[in-house]
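Just one chain follows, in the form predicted alone, and it is written as structure tokens.
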Amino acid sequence: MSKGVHVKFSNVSKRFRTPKGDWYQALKELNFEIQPGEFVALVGPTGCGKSTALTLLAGLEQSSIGEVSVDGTAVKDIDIRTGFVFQHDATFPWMSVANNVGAGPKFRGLDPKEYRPLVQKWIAKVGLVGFEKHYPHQLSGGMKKRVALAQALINEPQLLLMDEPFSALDVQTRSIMTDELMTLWETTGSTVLFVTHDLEEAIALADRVIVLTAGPAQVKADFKIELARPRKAREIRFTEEFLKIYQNIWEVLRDEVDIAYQRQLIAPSEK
């Protein structure tokens, strides 16, 4: 089992130069922490800066002001301890399922004799035994997402970043994958930061749900999800306790969604 890490955003601001040459501020004085092994979901309106926070933590971008740190060390580059599951498929189309799952260990220079048993282990964990020689174009959307999860988790990441990984799936498959993710995460001990627009998904998965403002992103509220584990997303969503938590968070999130929507209506007239 991998040991999770401590994550901290300290007064983090991020600005980008727009194609017109202006500055766009995505994050403003963003502050929050994630404890080792904790599963935290970020929710907020479209374009509020959720994915930007992930890219800073992944070391793909640097903050303009403030510091993002892992175990007390500022994130300056991509860290071998970090795994990333993207919104869109990130599998290699020319590789079989087995080779996709084993890509990480291979690129890290491990001996094939050492990682091949791990490949088979993770293929079994994500329910793809019998599909080892298939290629991504021969798989369903849910199966490709299982490959992506195995591809990330085989490296035993101490920090797992997920950017709306199930958004392209149908409702039924998405619910199944949510349960699969919870089962896999409970065996790894990784620290997780999960970005989603789906509040039900966030509550079903997370220990905490952090609500961001419409942008530039700041923490508006931080909710502890006191639902017993292990959880089954397909069952827990209908409980009275779940519905109460959903209502409490939505009361806070709704205003930010309205603000973002009004901005979208005004924006075209300003161009």
Ligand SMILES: Nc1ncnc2c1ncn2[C@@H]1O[C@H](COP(=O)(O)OP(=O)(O)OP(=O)(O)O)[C@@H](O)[C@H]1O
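The term rigid core refers to the most C-alpha atoms you can superpose between the two forms while keeping them within 1.5 Å. Residue numbers run from 1 along the displayed sequence. None of the values given here were measured: they were computed from a predicted structure.
Keep in mind that the form predicted together with the named molecule is missing from the display, and what follows is about it.
Not one of 9, 32 and 72 is positioned with any heavy atom within 4.5 Å of the named molecule in the predicted complex. Heavy atoms within 4.5 Å of the named molecule in the predicted complex map, among the stretches 201-209, 225-233, 50-58, 33-41, onto 50-58 alone. Contact check for residue 164: a heavy atom falls within 4.5 Å of the named molecule in the predicted complex. In the predicted complex, the named molecule sits within 4.5 Å of a heavy atom of residue 46.
Looking at residue 197, you'd find a heavy atom of it within 4.5 angstroms of the named molecule in the predicted complex. At least one heavy atom of residue 87 is located within 4.5 Å of the named molecule in the predicted complex. Once both forms are overlaid on the rigid core, the distance between the two CA positions of residue 88 between this form and the one not shown is 2 angstroms or more.
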